[in-house]
Every structure is written in structure tokens, then in C-alpha cells.
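One chain follows as C-alpha cells, the form predicted alone.
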């Protein structure tokens, strides 16, 4: 289902006479080709970036690392606001600083996402011209016109800085805004880790490969590396998660093979794994999207060894057992605390 706020933004502010810079987050949409061949895009989502490139956009993949080079030649920036407040503040503030005087920032979103509050705060901080281009229903589209270089910041502090959130088995774990549950250990992952010793009781870990599928900040990958697997691979779709996971795994003084890969639900993974851990997301943008768990199941099926084990943790209301039964020979719910459940999968 296409995101109408993003499509309305492109229809309103796209221009075939001058290039634009388009900022893309996790909002699902079939992106049309750029009207101007030199228009550029940036996304923190690997799948969105890949899709934009297929449509002809010159798209970069990063944790919203906005640079003067990226903005060069563009007098318009387009942003469909993100889900997280810290991300929205960082992106809007960075774009405003990079825009030339008389340049325009176009932002779109829905009232329930806080778009009106962001617009009012930005207009006051930047002392700029603000016009509401569309305000019918819940969808709001604003245009900010830059009159001068003076601007008060929307956000204090470095958005890109990694922050220590907690320790796991003597190892400090770092994360940052832009990663799911970035300021704490996700309760589902902790539930999975409580069961992990049972899963690994008879595993010959020094000879085995393990995968953290959808790694986030890398807590599960860190636990797998600490468990002594010969090789640990972690994947995620989110650029901020990739950076945090890499940093956390680099703390380990180990000769193991450890690799962090930007990927869309593990679809480009090669080879087979003895153990797979997965705490799949079920939100895309602001919407619940249960088909995401299907894609993680499909990836696990493809790369799990014949005698391997995959352990998923999901919210108790997700019908993962029913979904998995269509593909896996073994489907067993091994724990359920009414909030989260653990489902063990195997080929037989």
C-alpha cells in the first residue's frame, strides 16, 4: 500500500526544471522516477534505497548523513517526516543548514505523526516563511522558504553519536536514535536470550555458523559471538542499526569471523547457518505490517542448514506458528509469557 503523504509531496514539489533532494525513511511506496535526471535521494533503509535506484534516482544509503555535496545544485529538499522525533529534528535541521538562501524545504506527514508541531517549531526557530500547501483531512504539506542563514537549532547534541545503554555479560552495548528501542534492551530479545543456553546446550559452536537476522543494535549478535561460534553474521535494513552493531561487535577481542551486512530481510545472504536468531519487526513506518515476519521466515528457510535451528521471538498475537507451518517441518512454541513467545523452527 503506497504512502500517500510521500506521493503527494512528490506531486507538489517535484520539478522537471531543477533537481531536488528527496529524503526517504521507512514509508512503503512505489516511488515514481525523478522528474529531473540529476535529482538525488538519500535513505537510511536498504530496501528503500535499492528500490529508488531501480526507479532512476541517484540514491545514497546512510544514517541520514547529509552533506554539502549531496545538496549541491539542489534548491529544494523534500522530506516525508519519519516516525521518530529525534530523526525528524535531525533531518529537518540538517537540510535547513545546507539549503541556500531562497531555497525551499517541503515536508509532508499526518497530524497524528506530529507534523503540525514540527512545522510550528521549525518556523519559530528559523524565522522563515512558512506556508501550508495542503491541510485537508489529516494530511499536511508545508513549504519553508529560507530567508537568511540565521537559525536556532531544533535539536541539541550529536544525532550520530553512539550512546551506552546497558551492559550484557560484561560488554557495554551502544545504540543511537534511529534504531528500534534504541535506549534499552528490547524485551523480546531479552526473552530470547534467556532461552539461548537451552538452544545451544549441545551445539559444537567452534565449528558452526550463526546468524542474527534483523540485528538492530546487535545484542543477539553479540551474544552469539560471546557463545563462541566460528562465524557470526548479522544483517539489518537500517543504516543506524548497522553502524551500532558493527561498533558493538568490534569491542570483542576475538579471532572469530564477524560480519555485519546491510540487507533487506536477509534476502541476499549466501551459504547456510547452523543457528539463526531473529526478532523480526512488525511495523513499517507508522503501520502494522505482519507480512514482514513472512519475509524473515522465508529468508531463514533458505539459509538454515538441514539439521539447523532457527529461534524466533515475536509478540504473542503474531500467528507465527501458522505462518511457519507452511514452510518448516518442525514448528514448536517453546516459551510464552503472554507478551512474547519463542518459536523454534527446523526442517524436520
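Positions refer to the first chain, counted from 1. Computed from a prediction, not measured in an experiment: that's the story for all the values here.
Form predicted in complex with a small molecule: not shown, discussed below.
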- Of 105, 91, 265, 210, which residue is found within 4.5 angstroms of the small molecule in the predicted bound form when only non-hydrogen atoms are counted? 265
- Hey, with the small molecule in the predicted bound form, do 45, 220 and 238 all fall inside the 4.5 Å heavy atom range? yes
- Options 244-252, 212-220, 95-103, 74-82; stretch whose heavy atom lies within 4.5 Å of the small molecule in the predicted bound form: 212-220
- Message: in the predicted bound form, is there a heavy atom of the small molecule that lies within 4.5 Å of any heavy atom of residue 292, even though the partner is absent here?
- Response: yes
- Message: Residue-level question: is residue 281 within 4.5 Å of the small molecule in the predicted bound form, judged on heavy atoms?
- Response: yes
- Evaluate residue 296 for contact with the small molecule in the predicted bound form, applying a 4.5 angstroms cut-off between non-hydrogen atoms, and reply yes or no. yes
- Query: Taking heavy atoms and a 4.5 Å cut-off, does residue 180 contact the small molecule in the predicted bound form?
  - Reply: yes
